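Given next, in structure tokens, is a single chain: the form predicted alone.
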Amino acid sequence: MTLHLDDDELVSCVACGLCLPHCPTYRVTGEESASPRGRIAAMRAVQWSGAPLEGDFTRFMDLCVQCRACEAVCPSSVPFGHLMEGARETLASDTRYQPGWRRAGYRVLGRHRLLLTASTALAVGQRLRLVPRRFGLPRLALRRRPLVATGNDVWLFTGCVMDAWMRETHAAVMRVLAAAGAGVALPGPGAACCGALHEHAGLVEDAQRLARRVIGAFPGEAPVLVDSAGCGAALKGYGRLLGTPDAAEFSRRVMDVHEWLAARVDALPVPARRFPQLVAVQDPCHLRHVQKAHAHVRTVLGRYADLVELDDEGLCCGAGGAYAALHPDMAADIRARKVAAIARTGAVVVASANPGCAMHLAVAGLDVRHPLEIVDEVIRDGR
């Protein structure tokens, strides 16, 4: 059996072990099979020695959160995220790794009307106390106020879960962009889902189909701003995912919203007062390790709030897109370390620029907000 992997990428790991302290699953289990180099050894055994896909190999691959913290510290620049996606692509196509019920769930993400309808049903269930809190869902809205475009200086990517469950975050982001003097254009239904979760699950053809839809939803040359770290990383990776010049050009237009605002922070209003509470900044993995845009959050948010850093070197919180739902026990163990790091800061508010992280941490009782929701609150209170 051959995996969807490049041998040159696979051989680039020298098993030095510098990644081990930064791997969340290794830190919880202490097992080599739950480390990046252990997983790469398993990939080599399949690719080069014909080891079976079923059984241990599938478990090793599935337990990875895909936080890519290992890439940030690897002296050999091993593209671990790419290797993991290739391994899961083989599992999804050649085994029962992605059963029908999971595939159906991923398909819903790209069908926005269906997702909105399902989200409203979940909101009703919450009011009737039929949805357990352990599911980690925020309090969903029964009705969603429509977003209204304000111009064409920049686009705002709205996506699936962010639009269905956190549309008020989009509204706050648009108000902050307006305060910086930017008119915001909104995409059509083609931008219903970026395909990040599909790619992470090995459903590469589905991810490619969604990527082509997204690209078509953003004509012109205006920057495409993203307020969800995972979505931003996916959109910036379309050039590699599709391998076309158009996709690469689109990816060059994509910016995390804080990345765009940081270059224009002086255009934002001077605050009449600062945010009244100390704010701990939690870096989503795909903002810190993949986009490497986490410093921009501090540039923008630090203008309006007193910030405190965590002492855990940016370790994953355990959300991992769909990971927390599929591996709740491991995700909870990883989260416990993040919650302890936040507690050591003394902050009562946490800023996180990714919906999965925000929901996962909120289940632990934390007050988690998008950084630009905090900025928006301070600006509005000062008027």
Partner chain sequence: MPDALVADLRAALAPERVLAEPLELTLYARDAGIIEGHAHVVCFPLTTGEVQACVRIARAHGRPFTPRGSGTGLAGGAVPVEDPVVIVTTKMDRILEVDEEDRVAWVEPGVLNLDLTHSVAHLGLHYAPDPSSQQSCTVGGNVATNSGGPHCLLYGVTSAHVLAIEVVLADGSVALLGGVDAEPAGYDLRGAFVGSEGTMGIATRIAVRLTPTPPAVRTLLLDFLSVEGAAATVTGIIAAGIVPAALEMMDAEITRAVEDFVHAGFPRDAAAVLLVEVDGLPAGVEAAAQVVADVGRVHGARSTRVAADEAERALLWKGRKSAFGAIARIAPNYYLHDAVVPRTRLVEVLSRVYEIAARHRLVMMNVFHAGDGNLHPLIVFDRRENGVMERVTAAGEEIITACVEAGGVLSGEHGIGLEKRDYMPLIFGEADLDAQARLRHAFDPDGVANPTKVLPAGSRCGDLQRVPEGAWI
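Numbering follows the first chain given and starts at 1. Nothing here was measured: the structure is a model prediction, and the numbers come from that model.
Another form exists, predicted together with the partner chain; not displayed. Remarks below refer to it.
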Inset, instruction - Can you check 319-327, 41-49, 353-361, 62-70 and let me know which stretch has heavy atoms within 4.5 Å of the partner chain in the model of the complex? - result: 41-49
Inset, instruction - Examine S76 and determine whether its closest non-hydrogen atom to the partner chain in the model of the complex is within 4.5 angstroms. - result: yes
Legend entry - 4.5 Å heavy atom contact, D381 and the partner chain in the model of the complex: no
Inset, instruction - Look up in the model of the complex whether R37 has a non-hydrogen atom within 4.5 angstroms of the partner chain, and give yes or no. - result: yes
Legend entry - Contact label in the model of the complex: P21 to the partner chain, heavy atom within 4.5 Å: yes
Inset, instruction - Could you list which residues of 24-57 come within 4.5 Å of the partner chain in the model of the complex, counting heavy atoms only? - result: Y26, R27, T29, G30, E31, E32, S33, R37, G38, A41, A42, R44, A45, A51, D56, F57
